[in-house]
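Next up: a single chain in structure tokens, the form predicted on its own.
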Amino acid sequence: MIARVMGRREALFIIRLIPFLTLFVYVDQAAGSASGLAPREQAMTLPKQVGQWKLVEGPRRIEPKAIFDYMDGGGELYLGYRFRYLDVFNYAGAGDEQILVEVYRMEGSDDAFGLLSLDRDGEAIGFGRGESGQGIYGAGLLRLWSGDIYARVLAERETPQSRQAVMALGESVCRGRRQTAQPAFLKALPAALSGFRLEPNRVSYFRSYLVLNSLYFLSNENILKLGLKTEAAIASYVSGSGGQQKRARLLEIRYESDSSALSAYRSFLAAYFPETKSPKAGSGQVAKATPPAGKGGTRKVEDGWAGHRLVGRSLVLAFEFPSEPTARLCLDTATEQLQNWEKSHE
């Protein structure tokens, strides 16, 4: 059986998939039900055969409680989003070369998109009319998002034939599904920040601090109090060109309530900027000094200037800016964009 592969793939040129891959798929389809599946919901129907590859196992359902039995060290990634279940299909071809298909069913489209957004290195692929699915391909692995589904299609050995089979299976996953939009919260990110421009392929959507740490490490602890009821986006911004480029980061988090955001803000300041603490009058204890809502502050840290601001139920955090004025202007621009988005989103 194919060993499950995690990690980045070599970047390839961005192209669009030529349609009509369905001609490559055998018309005969596998039945939707299978032993071992949760009775409340059938598995997706995939082809019995694609090119020389035949379905030899599956669908096999993996529930959240069994995700760590199925994969070693990768379960936290999926549980960090609102993961419901996984269906696994195995195809075997000549010489027992295999193709593995994993179909992750998530609570919502935002969660499935979030998984795809974690690593966008590779060849961009569009599936279906109106692009009902969006994928990224590299080194035999296709990762795709279609509505509440995130899928991985992995060929044991990359060849022109296995690539064609992988793409055909991706097309099958997306067939008949409606196009869905990216998370609305991403519209709260400005397109430009004080001379820095957004890098669209370096925008990630997430909910868990473990996922955040894989993108931009802040702490071993959950100092921002992230969870499945929060949503967050981190984006890379670049200025200059060629070897003179400079990058900065913007992190925005939306909480359930103003009080939840305030609690997270205090936690972040205490952990990331411990010098913001001030003594309580008449005691040896330490109190957390929180700037007024909408004011925030900036601070010089090891990798540049960082900024922070509390905006209602949201936090805006800036990192790696080259100067204090630039970090402050970034916070101003990001705050204005966030407030405008909040008004339009209500």
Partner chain sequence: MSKTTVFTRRDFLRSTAAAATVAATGVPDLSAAATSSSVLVLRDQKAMIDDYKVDAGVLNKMLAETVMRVTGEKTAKSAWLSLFKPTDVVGLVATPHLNPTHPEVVAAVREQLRDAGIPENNMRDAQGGPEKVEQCTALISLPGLKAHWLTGIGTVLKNYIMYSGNPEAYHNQNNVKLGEIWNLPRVKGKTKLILVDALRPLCDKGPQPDPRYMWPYKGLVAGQDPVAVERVCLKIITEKRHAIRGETWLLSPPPLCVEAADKQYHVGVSDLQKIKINTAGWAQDLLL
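Residue numbers count along the first chain shown, from 1. The model shown is predicted, which means the values in this text are computed figures rather than measured ones.
In what follows, reference is made to the form predicted together with its partner chain, a form of this protein that is not presented.
K.L.:
Has each of 215, 223 and 274 got a heavy atom lying within 4.5 angstroms of its partner chain in the predicted bound form?
P.N.:
Yes, each of 215, 223 and 274 comes within 4.5 Å of its partner chain in the predicted bound form.
K.L.:
Since only the chain is shown here, I'm wondering whether residue 41 would be in contact with its partner chain in the predicted bound form (any heavy atom pair within 4.5 Å).
P.N.:
No - in the predicted bound form, heavy atoms of residue 41 and its partner chain never come within 4.5 Å of each other.
K.L.:
Given that the partner is absent here, does residue 78 sit within 4.5 Å of its partner chain in the predicted bound form, heavy atoms only?
P.N.:
Heavy-atom contact with its partner chain at 4.5 Å: present for residue 78.
K.L.:
Is residue 258 one of the residues lying within 4.5 Å of its partner chain in the predicted bound form, judged by heavy atom distances?
P.N.:
No, no contact at 4.5 Å.
K.L.:
Does residue 235 reach its partner chain in the predicted bound form if we count a contact as any heavy atom within 4.5 Å?
P.N.:
No, residue 235 stays farther than 4.5 Å from its partner chain in the predicted bound form.
K.L.:
Given that its partner chain is left out here, which of 195, 147, 74, 183 has a heavy atom within 4.5 Å of it in the predicted bound form?
P.N.:
Of the candidates 195, 147, 74, 183, 74 is the one lying within 4.5 Å of its partner chain in the predicted bound form.
K.L.:
Pick from 139, 92, 262, 124: which has a non-hydrogen atom within 4.5 Å of its partner chain in the predicted bound form?
P.N.:
Looking at the other structure, the residue within range turns out to be 139.
K.L.:
Counting any heavy atom within 4.5 Å as contact, can you tell me which stretch out of 165-173, 185-193, 150-158, 106-114 lines its partner chain in the predicted bound form?
P.N.:
Flagged stretch: 150-158.
K.L.:
Within 192-212, which residues have a heavy atom closer than or equal to 4.5 Å from its partner chain in the predicted bound form?
P.N.:
The stretch touches the partner through 202, 209, 210, 211.
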